[in-house]
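In the form predicted on its own, a lone chain appears below as structure tokens.
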């Protein structure tokens, strides 16, 4: 029977290994590390525990769990205890079956390489040829006129599932939900301008757009865990049936928080009311010019002084 060599060491330093165990096997020397990271700068009291299996100098297996994944921390299987159980079981498994750990096991999936575009347009209406879609086409055309690349994401045609609040994205910077969201997450960091085109549905944004906004916590996690920053300016163009500012109160708040959360610098929104009477945004005098002008202002170089 193989035995773990050396001694187990314990330290209580943030970002340092709390436990280290060296295991000598016929497949070489393995090092197990239990690492604590204080992520309180992201969320109050968030701590991530990571268990790493290292063969020589190569990390071949990683398990991570954070305190926001479980609702209670006073149970038998709280976050720290769970990490310690994994550490102990992995130590036993590596000693007993080292051949299973000779190659890295990667549990993340890479984001699709769809190319970098200058302008990302999120078209949030379920109506493929509705007023928000027309606004999105104006934005797409204005980007082309400026010599910029752009992409419209027609969210109603995508498989976007709701965020389940698992907080797994704060462990290794990826979301475990298997749907079409990776293409959006892959496009946002490279964009210089992000446009959100949306109607007002019962005082807020449509369900699919809200799902995208919530799932962008994944990108928030990538920014904080992996350092993948978004450097973009943002524009909200919203349409509503009623006149006045009241229908837009929640929409501007939700989209504003979305941009703030990702570090997107928002411009003044373009809010288009009165569509219950006008019906067609293309028939409203000056509206298209207002949208295009707002977008051109974002394309202009920023003053650094």
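Keep in mind the model is a prediction, meaning the values are calculated, not measured. Residue numbers count along the first chain shown, from 1.
What comes next is about the form predicted in complex with a small molecule, which is not displayed.
J.: Please pick, from 154, 174, 201, 167, the one residue with any non-hydrogen atom lying within 4.5 angstroms of the small molecule in the model of the complex.
T.: Looking at 154, 174, 201, 167 one by one, just 201 meets the 4.5 Å heavy-atom criterion.
J.: Taking the small molecule in the model of the complex as the reference, which of 262, 236, 240, 51 has a non-hydrogen atom within 4.5 Å?
T.: Filtering the options by heavy-atom distance leaves 240.
J.: Quick one: does residue 256 come within 4.5 Å of the small molecule in the model of the complex, counting heavy atoms only?
T.: Contact check for residue 256: no, nothing within 4.5 Å of the small molecule in the model of the complex.
J.: So, in the model of the complex, is residue 130 in contact with the small molecule at a 4.5 angstroms heavy atom limit?
T.: Result yes; residue 130 sits at the interface with the small molecule in the model of the complex.
J.: Answer yes if any heavy atom of residue 32 is within 4.5 Å of a heavy atom of the small molecule in the model of the complex; otherwise answer no.
T.: No, residue 32 sits far enough from the small molecule in the model of the complex that none of its heavy atoms falls within 4.5 Å.
J.: For residue 39, is any heavy atom within 4.5 Å of the small molecule in the model of the complex, or not?
T.: The answer is no: residue 39 has no heavy atom within 4.5 Å of the small molecule.
J.: Look at the candidate spot formed by 111, 189 and 217 and say whether the small molecule comes within 4.5 Å of a heavy atom in all three of them in the model of the complex.
T.: The answer is no; none of 111, 189 and 217 reaches the small molecule.
J.: Name the stretch, out of 95-103, 146-154, 159-167, 192-200, where some heavy atom lies within 4.5 Å of the small molecule in the model of the complex.
T.: Going by heavy atoms within 4.5 Å, the stretch is 192-200.
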